[in-house]
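Read the single chain below, which is given as structure tokens and is the form predicted on its own.
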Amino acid sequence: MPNSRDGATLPARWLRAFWHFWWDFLVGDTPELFVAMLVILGVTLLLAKGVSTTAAWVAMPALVIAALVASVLRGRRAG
């Protein structure tokens, strides 16, 4: 039983709204920071499993700072 103009049922609309909320919350206006976060988590995981947890603890903040600085510099050039 369609409940909207596009013919989607209520559960389908809820699922779409849930997806859109999380996409906007995680990706938002800067998809490069979302990708950077995934890369940073991956590098941290590889360091923790392969090298040492100390290396992961040191690398993660450094990578986060580098990603944020790169994002700010990119934003300053664009605007």
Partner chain sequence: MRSSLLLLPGPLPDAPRPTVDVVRVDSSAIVLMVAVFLASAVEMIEALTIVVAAGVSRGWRSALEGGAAAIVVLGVLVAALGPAIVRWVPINSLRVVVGAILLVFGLQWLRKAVLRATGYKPKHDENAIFAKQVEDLEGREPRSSGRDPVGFAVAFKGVFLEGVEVVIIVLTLGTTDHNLGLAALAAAAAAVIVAAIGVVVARQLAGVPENTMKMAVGLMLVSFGSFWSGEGIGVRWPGSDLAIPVLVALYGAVTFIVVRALNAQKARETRKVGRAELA
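In this text, all values refer to a predicted model and were calculated from it rather than measured experimentally. Numbering follows the first chain given and starts at 1.
Only in words, not in the display: the form predicted together with the partner chain, which the text now covers.
- The shortest heavy atom separation between residue 65 and the partner chain in the predicted complex is within 4.5 Å.
- Proximity of residue 45 to the partner chain in the predicted complex: non-hydrogen atoms within 4.5 Å are present.
- In the predicted complex, at least one heavy atom of residue 25 sits within 4.5 Å of the partner chain.
- Among heavy atoms of residue 10, none comes within 4.5 Å of the partner chain in the predicted complex.
- Contacts between stretch 16-36 and the partner chain, counted in the predicted complex as any heavy atom lying within 4.5 Å, involve 21, 22, 25, 26, 27, 30, 32, 33, 34, listed in sequence order.
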